[in-house]
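The chain below stands alone and is given as structure tokens, in the form predicted alone.
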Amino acid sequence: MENVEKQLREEAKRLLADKKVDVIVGYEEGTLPLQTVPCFITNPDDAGKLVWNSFCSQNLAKYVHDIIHQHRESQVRVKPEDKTRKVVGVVARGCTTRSLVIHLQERQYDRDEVVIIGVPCTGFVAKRKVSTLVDGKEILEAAVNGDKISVRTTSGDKDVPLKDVIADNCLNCHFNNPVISDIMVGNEAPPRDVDREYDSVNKFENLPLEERWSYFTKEMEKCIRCYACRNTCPSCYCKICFVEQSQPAWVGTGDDPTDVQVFQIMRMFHMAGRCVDCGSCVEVCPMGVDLRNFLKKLDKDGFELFAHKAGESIDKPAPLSTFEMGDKEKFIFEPESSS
């Protein structure tokens, strides 16, 4: 990690000094344990703030999209001859690069507007898992030491095995190395065991329909509609979300359970062929809603029906945005038999 971090800082400083990018989006140390925070560096001398470790959890592709589009909006009233472009450099692990690929496929910005600094990933730490292993005690400090995390809580110190607290989405990740990059730092991360990727989905699918719906409704009862999942998701970039539209009004603004269900169902279906399983929505959810199990179901369907993995390649667009004569059709006419 130290070698990657050193190279990362050097490359970021060079890109800014040579004016190859206007801003670098990366991670820096946060004020709370177990997490880093996004940082936006415009001065080459500040490149030393960048970090890369097991606490870097957020998918930074969200900020690339927002920075470029905010700049474009600022240029609307500028004379044509005075218009400028914003080039964004971004620190990107495998799932982040897949989100960038989706942005490029959906023509949200041009390839020359983003410079991708690829980093190998061995998975990030899930804060909720650490909290469980320290019995919910307040965590004051945490640091990775080899294959363990040393945690200091209000009740004392405890060492937690790193492998036991890696986020679920990282455990069976196909893409722990970038799928696209302009600069690559560090050595490739070793491949993950992906044989059990869909175990939880298979278990869920085998439940009777009533039990599946019961599980969904119980999970949605936790949701407070804070929209943290939507706000952190790189594939949620609509200027006006459907939940905020009033003509027509898709969902109410109260706490009716059906409004929560409609919001989550519609958002999930917007993710069909577009969710890269980065885990950001799960990580930021304050209520611990099991969003991943449902999104992973869509991922499985996309893979089994269309041999598609979201953002895998710039040349492989999402199933819902393309058509092939050989596409399977059984799931359309006989959905129960193919589920």
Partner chain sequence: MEKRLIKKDALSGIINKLSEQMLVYAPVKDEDNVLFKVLEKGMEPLADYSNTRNAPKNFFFPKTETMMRYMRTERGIELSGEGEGAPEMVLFGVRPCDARSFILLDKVFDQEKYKDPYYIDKREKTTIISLACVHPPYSTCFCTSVGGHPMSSEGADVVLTDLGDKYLAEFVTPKGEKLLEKMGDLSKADDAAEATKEELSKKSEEAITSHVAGREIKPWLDENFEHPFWDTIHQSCLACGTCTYLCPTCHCFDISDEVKGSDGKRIRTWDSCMYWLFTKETSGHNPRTSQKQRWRQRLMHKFKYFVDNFDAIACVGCGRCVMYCPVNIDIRKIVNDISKL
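Residue numbers count along the first chain shown, from 1. Small disclaimer: the values here were computed from a predicted structure and weren't measured.
In what follows, reference is made to the form predicted together with the partner chain, a form of this protein that is not presented.
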Can you pick the stretch from 89 to 97, 177 to 185, 157 to 165, 254 to 262 whose heavy atoms fall within 4.5 Å of the partner chain in the predicted bound form?
254 to 262
Complete contact of 30, 222 and 240 with the partner chain in the predicted bound form (any heavy atom, 4.5 Å):
yes
At 4.5 Å between heavy atoms, is residue 65 in contact with the partner chain in the predicted bound form?
no
Although the partner chain is absent from this view, report whether residue 58 comes within 4.5 Å of it in the predicted bound form, heavy atoms only.
yes
Consider residue 53 of the chain shown here, and say whether it contacts the partner chain in the predicted bound form, taking contact as heavy atoms within 4.5 Å.
no
Any chance residue 128 has a heavy atom within 4.5 Å of the partner chain in the predicted bound form?
yes
The single option of 74, 84, 231, 145 touching the partner chain in the predicted bound form, heavy atom within 4.5 Å:
231
Go through 17 to 43 residue by residue and record those having a heavy atom within 4.5 Å of the partner chain in the predicted bound form; state none if no residue qualifies.
30, 31, 32, 35, 37, 38, 40
